[in-house]
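Taking the form predicted alone, here's one chain by itself in structure tokens.
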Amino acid sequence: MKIIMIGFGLVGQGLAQILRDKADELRSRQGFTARIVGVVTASKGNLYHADGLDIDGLLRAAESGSFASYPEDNQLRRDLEARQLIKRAEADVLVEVSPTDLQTAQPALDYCRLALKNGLHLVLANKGPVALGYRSLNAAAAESNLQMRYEATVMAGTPTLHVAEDALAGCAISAARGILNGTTNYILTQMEDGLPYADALNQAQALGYAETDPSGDVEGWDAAGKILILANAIFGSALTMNDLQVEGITKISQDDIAAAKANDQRYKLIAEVSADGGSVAPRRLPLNDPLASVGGATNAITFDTDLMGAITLIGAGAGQLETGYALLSDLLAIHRSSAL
């Protein structure tokens, strides 16, 4: 399988590490061999080699901050920007791991459309194109007999979409609700232990859970993007951000936390979706709710089904190797179904 990547931050590097470290195991157990032939980034530079890039060299160059240190080769191209790479590369799959934009999804959305037009399967960790352009991309993929896979967009490597779409395929899912943002869950957990909101946020930033500008997390927008993805994947809904009720955790005080605790309840930022719509808001959950026991940066989701009742899935919602694994699982699914 020949792969081109848009973006090569922590998640892209996580996938590269897995492909390097598990190459023999993937070949022997899955019959799967992958080569990264092209990478385009906004800050490190661009690389393309039809025979495949050396992953060790690629990771070393990324660690240095620039692909300028990647070893020279007569067949190596450094001049192809994203659109040129998608059109010209001898590749099977586009892996989109550039930063998410939940307002326009650009330029990633256009790259995905171009990839499908040029016969490439799509694997995404970037939430933007799936949240905002799902219907058009899904239709284009189906028309071209290609696959669009996006397990990494909701709960990193925890197989949320696989469970909903495959493992529970015989069930009717009436609703899904969960803790889909690890940053806010970490902050609320620390607040329950007595830390003020500002201190908990600072700690989350120091640990790398929260960005310098944490608004996308603490105001609920990251979870809202994941709700749109679930709405499309599970219910075939055409929801937009304007259809969602979104509230973050910035107004929750220590008094609120204490009041919940006194009533055997716990605050969680809960994202909910059904065929009727979706929302993101802080909720006071009884301690016997499975989601109430999920602490720290961990994510969780509960699917309400007709045949199996409530199914709760708990696992990592972020992380370099965890999200890289989600990308790998999608690549393997494409490999198994199309025998690339």
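Superpose the two forms; the largest set of C-alphas matching within 1.5 Å is the rigid core. Remember, it's a predicted structure, so these values are computed and weren't measured experimentally. Start at 1 and count along the sequence shown; that's the residue number.
Missing here is the form predicted together with a small molecule; even so, the following discussion is about that form.
Q: What is the one choice in 91, 180, 97, 85 with a heavy atom within 4.5 Å of the small molecule in the predicted complex?
A: It is 180.
Q: Of the options 247, 110, 211, 101, which one has a non-hydrogen atom that comes within 4.5 Å of the small molecule in the predicted complex?
A: Selected residue: 211.
Q: Using a 4.5 Å heavy atom cut-off, which stretch among 265-273, 70-78, 211-219, 228-236 contacts the small molecule in the predicted complex?
A: Stretch 211-219 is the one.
Q: Using a 4.5 angstroms cut-off on non-hydrogen atoms, would residue 127 count as touching the small molecule in the predicted complex?
A: Yes.
Q: Is there a heavy atom of residue 318 no more than 4.5 Å from a heavy atom of the small molecule in the predicted complex?
A: Taking the distances in the predicted complex, the answer for residue 318 is yes, it comes within 4.5 Å of the small molecule.
Q: If you line up the core, does residue 124 shift 2 angstroms or more at its C-alpha between the shown form and the other one?
A: After core superposition, the C-alpha of residue 124 moves less than 2 Å between the shown form and the other one.
Q: With both forms fit on the core, is the shift of the CA atom of residue 187 between the shown form and the other one 2 Å or larger?
A: Residue 187 C-alpha, core-superposed: shift of 2 Å or more.
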